[in-house]
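Next up is one chain by itself, shown in structure tokens, the form predicted on its own.
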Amino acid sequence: MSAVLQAVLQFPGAHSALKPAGPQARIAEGLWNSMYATAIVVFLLVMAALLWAAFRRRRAEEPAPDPARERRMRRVVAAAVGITTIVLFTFLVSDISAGRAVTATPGKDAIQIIVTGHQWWWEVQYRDSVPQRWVTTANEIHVPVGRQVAVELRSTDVIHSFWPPNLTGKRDLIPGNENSLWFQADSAGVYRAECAEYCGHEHAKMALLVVAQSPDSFARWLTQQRDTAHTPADSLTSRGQEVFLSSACAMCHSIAGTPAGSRVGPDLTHLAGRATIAAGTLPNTRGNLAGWIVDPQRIKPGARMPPNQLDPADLRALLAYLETLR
């Protein structure tokens, strides 16, 4: 079992904007904490004033107007209005400052990634100055700790929204338009991202994992991703490759180094190295993969992937082959 999958199983769904792991998320958390603390103080003051007004001793007869008391009350009201104005203006300035910091242009050495939203999965492509060295994967973003990552956001169908709350704020993916954001992971870990814009029937099952690792580990992962799929080494996996290429699988998926080159569904060249399947719906285990292949509609109703009625022997061979794609 991969270290990524172990982390996902240990902390299923663990993601929170109040547990920042990057500079932009810390800016948002700082703004949130200051607003929250101010709201608590205001609430306590208002409740104290209400309790004082409710329980103070009232005189039997209405006293005559007291000019001095009215002047004091006017000063109290004026002071409250002034303090409220100062607090609101302070938060306005803080909000603008935080917005500028979050949307600042990333550095020139930032890693360039294209994230494309589909119903209901994520396509991830790593750019390189040499087109042959571009890497395409699905539903996972691997990044080195301490380095900025510039993400270009696209959509092929409806509006999606990319949001890794531990790392940065959300940004929409709009068909026909290119949007962008950047983030940086300051500590190693697996951070869950979500589609934060309702995009159809399986919107809730459209997750993405951001895997932050050491620079050396990331470099090894990227080099591995540039390799083509392993050639089958035995009769069982050879039969599995034949099943894949002769079935509907090859009509939607691609595996580098084979004739399968369709871009309708996720690239499967390194499927076995991913922590989950079906965009974060299930851990990537043999049993889950078998269930997903045979009847994806039971697991993710409305998914674009059709059922695949395979002979048990062919299914075992196909699973054996797919498990070699690391």
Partner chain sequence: MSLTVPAVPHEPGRAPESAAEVVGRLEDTWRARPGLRGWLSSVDHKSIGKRYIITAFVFFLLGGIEAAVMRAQLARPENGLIGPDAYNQIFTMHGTTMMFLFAVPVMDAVGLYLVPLMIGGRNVAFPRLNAYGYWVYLFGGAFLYVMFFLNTGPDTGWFSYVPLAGPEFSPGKRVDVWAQTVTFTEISALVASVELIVTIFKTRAPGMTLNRMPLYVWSMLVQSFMVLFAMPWVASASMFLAMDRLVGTHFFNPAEGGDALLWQHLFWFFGHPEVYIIFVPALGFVSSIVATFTRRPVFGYPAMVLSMVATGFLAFGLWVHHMFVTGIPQLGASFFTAASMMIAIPSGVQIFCWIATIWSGRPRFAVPFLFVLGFVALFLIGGFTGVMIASVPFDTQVHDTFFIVAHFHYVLIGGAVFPLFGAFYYWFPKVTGRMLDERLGRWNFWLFFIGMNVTFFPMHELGLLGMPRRVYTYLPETGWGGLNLLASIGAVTIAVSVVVFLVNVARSLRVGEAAGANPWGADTLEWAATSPPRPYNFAFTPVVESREPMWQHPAELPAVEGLRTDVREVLVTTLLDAEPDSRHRHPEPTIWPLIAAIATAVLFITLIFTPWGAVIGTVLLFLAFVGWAWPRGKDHQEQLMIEAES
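This is a predicted model, so every value here is computed, not measured. Residue numbers count along the first chain shown, from 1.
A second form of this protein, the form predicted in complex with the partner chain, is not displayed here; the remarks below concern that form.
With a 4.5 Å cutoff on heavy atoms, Lys205 counts as touching the partner chain in the model of the complex. The closest heavy atom approach of Thr231 to the partner chain in the model of the complex falls outside 4.5 Å. Though the partner is left out of this view, Asp172 does reach within 4.5 Å of the partner chain in the model of the complex, counting heavy atoms only.
Remark: Trp163 counts among the residues lining the partner chain in the model of the complex, judged by a heavy atom distance of 4.5 Å or less. In the model of the complex, every residue of the candidate spot (Val42, Thr85 and Gln119) has a heavy atom lying within 4.5 Å of the partner chain. In summary, the region of this chain contacting the partner chain in the model of the complex, judged by heavy atoms within 4.5 Å and restricted to 101 to 109, 240 to 248, 125 to 133, 221 to 229, corresponds to 101 to 109. Interface residues of 184 to 213, taken as those with a heavy atom within 4.5 Å of the partner chain in the model of the complex (partner not displayed): Arg192, Glu194, Cys195, Ala196, Glu197, Tyr198, Cys199, Gly200, His201, Glu202, His203, Ala204, Lys205, in sequence order.
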